[in-house]
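Have a look below at one chain only, the form predicted on its own, in structure tokens format.
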Amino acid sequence: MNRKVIFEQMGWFNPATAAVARGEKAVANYDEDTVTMAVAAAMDCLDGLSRDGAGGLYLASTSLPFAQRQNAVIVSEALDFPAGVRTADFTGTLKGGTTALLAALDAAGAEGSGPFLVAASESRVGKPGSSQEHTFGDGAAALLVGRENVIAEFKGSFSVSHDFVDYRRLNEERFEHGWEERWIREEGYGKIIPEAALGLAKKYRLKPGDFARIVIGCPVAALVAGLGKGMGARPEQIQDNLAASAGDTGTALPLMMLVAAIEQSKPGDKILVLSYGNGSDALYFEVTPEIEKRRDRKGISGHLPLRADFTSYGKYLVFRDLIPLEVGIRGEEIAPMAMSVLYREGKSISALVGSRCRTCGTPQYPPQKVCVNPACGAVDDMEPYRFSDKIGKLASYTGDNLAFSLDPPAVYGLVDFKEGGRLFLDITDCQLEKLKVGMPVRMTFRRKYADVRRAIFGYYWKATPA
């Protein structure tokens, strides 16, 4: 979303926001939140890798949908991780992403532990008329941490903690409160990040020139340049902070920047990562030759070009539930899924796991006891089969202007899979006129409905053009 779209509507109230009304910010779709974005980042990270031996999953965010229901375990189940994994939410601070990464590095380093997946995801809402409305962006990153075949070897870290009060929010509040911005820039970012960087340099006897790339998790581009110069780094060493293309993505920012830095690195390059939030974490990595085997991930460079222009400020307010909307009779009541059903059918619903016949190899969804293949008909000879990471083909589709949708028309259709199996799914992130029968689609984990009165968000899989 071009920030001028916001300024054209709200600049009359706060003309000073013209200073931040440049560039674009990433905006999540109406059916996305920090949980679904974490799943999307993790799916890209795990592409082609086994999930059976996972040791755990850590999720960092200050905008998690649930205050009391672990969000990390929803992500874990959507990814079809085994039940015997450790899951935890890291929240309450903007450096939660690097703190979760350090915790995962410690845990994955233990003998006998499987790899840990770390995801940081953010979807904060700025109050209309504020500078945060312009600068906050939605984004997520995921990293797999383990002991074998690493693309970037962890070399060390140094952390500092300060009860520096800059931005704050109570549990029952939706919008942040901020202290004076100059104070935050000069006494917060300007002194705390260099303190962590200097501490790491002294601890490991390093100089700024030793690093090919320096990630400074600060959303203010001009300040990032000043911090880099103050550390004695050259401009080409400083990693782009994505402020102009994605915005301030909070806990996800340093990890997104780290992913972008790794994408641009070659074996032997050293990367310094500096986060911010009630202190700072400084971590440094060295890229290994294994990086050449993992260039197939979309990452930051692959996802940014997939952008679609979001030009309606009114739609933005509706998507973020900032204004009331007349949803009509069809949208007034949503029949929520019983939580007991979700628990009993968890793998089928959360991870889109069906069954595959061991006798003839035919997959089907939902899981069945009897093979659907008329030439087989085997009974009780099934194994789990995951559809969520498979590419399907759009067999038919419909655009429905009568069914309720926050982004009408509601689009849904039948999806056939190459190895077998047919699913009836909603289709998202698409334009009806660009859909075609036979086009490839991939599965994406989304918010199916929101029942705020009962504190229930229903998650399920949708199809999106591949």
Partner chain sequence: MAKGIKNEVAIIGMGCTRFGELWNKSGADLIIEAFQEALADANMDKKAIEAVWFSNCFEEINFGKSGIPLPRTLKLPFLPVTRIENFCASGSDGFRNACYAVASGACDIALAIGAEKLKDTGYGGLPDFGTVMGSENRMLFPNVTAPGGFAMTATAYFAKYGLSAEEGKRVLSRISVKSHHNGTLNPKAHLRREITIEQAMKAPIVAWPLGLFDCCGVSDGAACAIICRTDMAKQFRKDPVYVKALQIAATSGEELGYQDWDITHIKTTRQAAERAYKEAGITKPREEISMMEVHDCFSITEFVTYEDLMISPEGKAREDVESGFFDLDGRIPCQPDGGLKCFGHPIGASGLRMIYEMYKQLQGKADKRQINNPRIGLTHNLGGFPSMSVVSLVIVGNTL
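Numbering follows the first chain given and starts at 1. In this text the structure is predicted, and so the values were computed from the model without any measurement.
What follows is about the form predicted in complex with the partner chain, which we do not show.
Engineer: Using a 4.5 Å heavy atom cut-off, which of 61-69, 35-43, 394-402, 22-30 contacts the partner chain in the predicted bound form?
Structural biologist: Of the stretches listed, the one contacting the partner is 394-402.
Engineer: Which one, 315, 207, 162, 330, lies within 4.5 Å of the partner chain in the predicted bound form by heavy atoms?
Structural biologist: Exactly one listed residue reaches within 4.5 Å, namely 330.
Engineer: Of 374, 324, 84, 112, which residue is found within 4.5 angstroms of the partner chain in the predicted bound form when only non-hydrogen atoms are counted?
Structural biologist: Contact check passes for 374.
Engineer: Using heavy atoms and a 4.5 Å limit, would one call residue 442 a contact residue for the partner chain in the predicted bound form?
Structural biologist: No, residue 442 stays farther than 4.5 Å from the partner chain in the predicted bound form.
Engineer: Could you tell me if residue 407 has a non-hydrogen atom within 4.5 Å of the partner chain in the predicted bound form?
Structural biologist: Outside the cut-off, so no.
Engineer: Although the partner isn't part of this model, could you tell me whether residue 132 comes within 4.5 Å of the partner chain in the predicted bound form, counting any heavy atom of the residue?
Structural biologist: Because no heavy atom of residue 132 falls inside 4.5 Å of the partner chain in the predicted bound form, the answer is no.
Engineer: Might residue 416 be said to contact the partner chain in the predicted bound form, defining contact as any heavy atom within 4.5 Å?
Structural biologist: Taking the distances in the predicted bound form, the answer for residue 416 is yes, it comes within 4.5 Å of the partner chain.
Engineer: Within 4.5 Å of the partner chain in the predicted bound form, which residues of 424-451 have a heavy atom? Give them in sequence order, or say none.
Structural biologist: The stretch 424-451, when checked against the partner chain in the predicted bound form, contributes 424, 425, 426, 432, 437, 448, 449 at the 4.5 Å heavy-atom cut-off.
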